[in-house]
Ligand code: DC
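Have a look below at one chain only, the form predicted on its own, in structure tokens format.
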Amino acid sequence: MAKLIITIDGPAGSGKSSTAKLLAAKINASFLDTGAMYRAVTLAAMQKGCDFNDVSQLEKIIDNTNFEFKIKDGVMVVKIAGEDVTEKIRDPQVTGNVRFVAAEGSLRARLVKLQREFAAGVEQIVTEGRDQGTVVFPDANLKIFLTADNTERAKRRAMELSQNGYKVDVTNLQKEIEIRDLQDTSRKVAPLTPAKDAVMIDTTNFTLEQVVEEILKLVKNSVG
């Protein structure tokens, strides 16, 4: 297992992916985007025409599909059966279906195993998701939980999608985020919740750089 593990959890649009990526670059650590893993499985299931209500079909997708998750220039490159799907997994349709994968214990267990295997192969890691500090790496050196105002989160996600060529309505997007929050926090398996020893940071009125600088101070204090 990595000697230094920093987990960054939080809801959609809180800034966890951007924060984790920049923090990893600052401390020369590997970056693990666990959301990309769930999205990759979701996309693979969509490509195969799976019934998302049939858990056995989704289990077979994970067990029988060649997924590749590698870091290139600080970004996690995702491949399914050799095809680069790094951009495709951000499609709003994938976002709408990822809850089916995230809610099932047997599927999460498989992905948790992959995440721990990833961490076992590196010296330092910054990993982001929704259960990193509570389930996947409960003994992490530092745990962060990011939050932000719902309106601000919707604006951020809209900007991200727009940059990738998708047209979105911010009002509808905010409603979708709120629904996703409810699904994530109320699911029976690994619900979205801060670890008891996590440091809470509200990113609403802070820039990405300011958030990362605050975490860097915590890193220095926690690991010397």
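As the structure is a prediction and not an experimental result, all values here were calculated from the model. Start at 1 and count along the sequence shown; that's the residue number.
As for the form predicted together with the ligand, it is not shown, yet the points below apply to it.
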Report yes if any heavy atom of Val122 sits within 4.5 Å of a heavy atom of the ligand in the predicted bound form; otherwise report no.
-> no
Check whether Tyr38 has any heavy atom within 4.5 Å of a heavy atom of the ligand in the predicted bound form, and answer yes or no.
-> yes
Should Ala102 be counted as a contact of the ligand in the predicted bound form, where contact means heavy atoms within 4.5 Å?
-> yes
Using the partner position in the predicted bound form, report whether Lys88 sits within 4.5 Å of the ligand, counting heavy atoms only.
-> no
Pick the stretch from 23-31, 162-170, 38-46, 61-69 whose residues have a heavy atom within 4.5 Å of the ligand in the predicted bound form.
-> 38-46
Only one of Ile80, Met76, Val98, Leu142 comes within 4.5 Å of the ligand in the predicted bound form by heavy atoms, so just point that one out.
-> Val98
Using a 4.5 Å cut-off on heavy atoms, what residues in 14-32 are near the ligand in the predicted bound form?
-> Lys16
